[in-house]
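Shown below, as structure tokens, is a lone chain in the form predicted on its own; questions about how it binds or moves come after it.
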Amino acid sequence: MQPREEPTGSGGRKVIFDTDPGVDDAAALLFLNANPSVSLLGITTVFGNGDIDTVTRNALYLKKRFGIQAPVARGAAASLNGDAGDPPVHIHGQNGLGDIPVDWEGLPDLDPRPAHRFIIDTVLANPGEITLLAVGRMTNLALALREAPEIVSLVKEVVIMGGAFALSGLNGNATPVAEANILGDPLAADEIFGAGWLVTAIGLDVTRQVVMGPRELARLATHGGEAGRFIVETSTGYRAFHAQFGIDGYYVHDSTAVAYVIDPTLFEVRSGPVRVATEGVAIGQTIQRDWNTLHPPGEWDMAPDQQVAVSVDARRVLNMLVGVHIPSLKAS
């Protein structure tokens, strides 16, 4: 899996990647950057898998090590309500990259703008062209929306890795009903789903169907070049965490959202208004109204229809990610 050599923004689908690296976020960034159909215009960081200093440092490290040309902008350190929570170091390690040895010297400079301002400026400069791909808390997107609500009509689409829509029973991973990215800032998530742009949620209902197992990891290690070996190395602890639940490998959460951006035909989605519980025992729960079921008038009626992934071709997603069908992901 080799870094792309063409200049950022030279062609293809224009993407801003909003992220909190994070083992799985790092892999998603490398898959995204390697795909020839994507022009990565920026990386914006948000608290989550580590505090904002850690995840921003990790983004700069990935930029340096893998020759990523997109600028990095530091984002929100806490939710809209001022909560940051404790990073899940038992999953991603103290350094957020599986605690592998890392040389932090000589990191590139940050973009001078805060992440939400970077998002606003980039959208305004590329009307109708930007995909916002958010795989962490949606705080940066909400801040951008609050400061410049006009971007709603100028963004091509918003794709998020987040949510648990109970397609096969309660399936949260942070609480019985809530997924971690949504629970980390439920108010921001509710604002994003309630805005008039197109949002597609790639939630736990589909990401838990995509498992990076020993065969895929072996292929990455053998044929994925430096980036593939990095993904395998950083995921050692991530695999150990999943092994506690009988999983031989690990769930591919963030990279499944990358796969949607690259090829939406790998997914089936359904449409309907989405709301997020912002308080109470079910805080962070994501609920989509089913228009085929009659309900009295309520809080969903004025919300826009958004898309939720309900099925995925898991094998084709894995093939995409390990480079079977995309030449640029294979070793040269």
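The model shown is predicted, which means the values in this text are computed figures rather than measured ones. All residue numbers refer to positions in the sequence shown, first residue = 1.
The form predicted in complex with beta-D-ribofuranose (BDR) exists for this protein as well; it is not shown, and the discussion that follows is about that form.
- A heavy atom within 4.5 Å of beta-D-ribofuranose (BDR) in the model of the complex is found for exactly one of A166, A180, A142, I151: A180.
- When beta-D-ribofuranose (BDR) is considered in the model of the complex, only one residue from V206, A201, V135, I119 comes within 4.5 Å through any heavy atom, namely V135.
- Per the 4.5 Å heavy atom criterion, beta-D-ribofuranose (BDR) in the model of the complex is contacted by stretch 248-256, the sole one of 248-256, 229-237, 71-79, 105-113.
- Contact annotation for the candidate site: E191, A277 and Q288 all lie away from beta-D-ribofuranose (BDR) in the model of the complex (no heavy atom within 4.5 Å).
- Mapping the unseen interface onto this chain, V159 falls outside it, with no heavy atom inside 4.5 Å of beta-D-ribofuranose (BDR) in the model of the complex.
- For N173, a non-hydrogen atom is located within 4.5 Å of beta-D-ribofuranose (BDR) in the model of the complex, even though that partner is not displayed.
- Taking the partner from elsewhere, T45 is found to have every heavy atom lying beyond 4.5 Å of beta-D-ribofuranose (BDR) in the model of the complex.
- The partner is not shown here, and in the model of the complex the stretch 138-159 never reaches within 4.5 angstroms of beta-D-ribofuranose (BDR) through any heavy atom.
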